[in-house]
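Before any questions on how it binds or moves, here is one chain, the form predicted alone, in C-alpha cells.
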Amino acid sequence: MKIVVAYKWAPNPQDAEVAPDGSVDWSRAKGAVSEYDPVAFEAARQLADATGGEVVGLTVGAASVDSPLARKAALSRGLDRLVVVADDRLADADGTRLAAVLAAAVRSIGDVDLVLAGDSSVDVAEGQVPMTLAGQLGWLGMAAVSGVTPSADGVVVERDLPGGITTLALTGPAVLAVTTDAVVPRVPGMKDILGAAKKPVEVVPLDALEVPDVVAATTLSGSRPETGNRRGVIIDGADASSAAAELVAALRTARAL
C-alpha cells in the first residue's frame, strides 16, 4: 500500500503576535509542519507498518517549503521519502489552487492507494483542501476520520460524526482528513532527526505537472466580530455566599446568564 501524506509548511502560531484589535501579525512567525498534520503522519506510518507499505510525504507551496529545516521536520516524522513542489507562484495560492497542484503531484507519484491529511491548516483553517483534492482526483473523500485500519481488501475507516461513530469499509482510493485525536503523534527523537537527512527527496517543478485551470476568487473585504466593551468587576471573596450572589448579579447584568 502506498500512502501519501499531504501536509502544509505553515507559520508557527506560537510566533504570531496578536494586536489589541485582534489582528494577527505573522511576519515574524517561523515555518513549521502545520499543527494538525502530525496526526496524519502517524496514522499513515501505523497503516504502512501494518501492511508493509510506503509513506510518501507531499507538500506544495512557496520556495520556503523546501528549506533544509522543512525537509528534516517532515522526514523525521515517519516518512519513507518526500515529494516537494516549491514555487513562489504558489505563495498566495488559495485552497482550490493548492488542491489542484496536490492532485497533479499525486498523479505524478503514481499508484497511490490513499491520501491522508490533517483536517485543517493552522494558518488558514478553512478545512477545504482535503475534500477539494478528492474532487480533483475523482476519488472518495472523507472528513472527520477518527481511525483507519487495514482490511483484507482495503481499509476500515471510523468517522466521528455528530450522530455517533460510523464505521465503513473502503476498497478504492480515497482522501481521508483525520481528526486531531485520531492517534497520538510521535515526537521525533535524535535518531529520527539524524536519519531524516538520509531519506530521498524529490523536487518536482511546478511546470512539470499537469495542473488544470481553476476558478480564482478575489477577497474583497474582511471583518471581525465586535468584542464589545470590557469592564472589570472586583468581587470581595471574604464572604463566600455574598460573593457568589454578587457574581451571579454581575453576570446577569452583563447578560451572560
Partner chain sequence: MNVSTQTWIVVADDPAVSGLVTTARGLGGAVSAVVVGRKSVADSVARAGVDEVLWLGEPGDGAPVEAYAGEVARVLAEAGAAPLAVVGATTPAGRALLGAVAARFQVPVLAGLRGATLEGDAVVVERSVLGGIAERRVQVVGGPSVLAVAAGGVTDEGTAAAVREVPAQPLGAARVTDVRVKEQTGVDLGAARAVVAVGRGLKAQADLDLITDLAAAAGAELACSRPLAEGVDWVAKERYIGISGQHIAPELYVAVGISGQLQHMVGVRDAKVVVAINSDKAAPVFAQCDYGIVGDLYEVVPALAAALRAGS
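Positions refer to the first chain, counted from 1. Because the structure is a prediction, the values reported are computed rather than measured.
Just so you know, the form predicted in complex with the partner chain exists too; it's not on screen, but the next bit is about it.
Asker: So in the predicted complex, does S76 come within 4.5 Å of the partner chain, heavy atom to heavy atom?
Answerer: No, S76 sits far enough from the partner chain in the predicted complex that none of its heavy atoms falls within 4.5 Å.
Asker: Is there any non-hydrogen atom of G189 lying within 4.5 Å of the partner chain in the predicted complex?
Answerer: No, G189 is distant from the partner.
Asker: Looking in the predicted complex, any heavy atom of D88 within 4.5 Å of the partner chain?
Answerer: Output for D88 is no: heavy atoms all beyond 4.5 Å of the partner chain.
Asker: I'd like to know if R71 sits close to the partner chain in the predicted complex, meaning any non-hydrogen atom pair within 4.5 angstroms.
Answerer: Flag for R71 set to no.
Asker: Tell me, please, which stretch of 45-53, 207-215, 190-198, 58-66 lies within 4.5 angstroms of the partner chain in the predicted complex when heavy atoms are compared?
Answerer: Selected stretch: 207-215.
Asker: Of these, V83, A104, V112, L170, which has a heavy atom no more than 4.5 Å from the partner chain in the predicted complex?
Answerer: In short, L170.
Asker: Looking at the partner chain in the predicted complex, which residues in 139-174 have at least one heavy atom within 4.5 Å of it?
Answerer: The stretch touches the partner through W139, L140, G141, M142, A143, A144, E158, R159, D160, L161, P162, G163, G164, I165, T166, T167, L168, A169, L170, T171, G172, P173.
Asker: Closer or farther apart in the predicted complex, the C-alpha atoms of P13 and D92, for a change of 3 Å or more?
Answerer: Here the pair is farther apart than in the predicted complex; there, closer.
Asker: Tell me whether G189 and D15 end up closer or farther apart in the predicted complex, going by their C-alpha atoms; the shift is 3 Å or more.
Answerer: The answer is farther, because the C-alphas of G189 and D15 separate from each other in the predicted complex by 3 Å or more.
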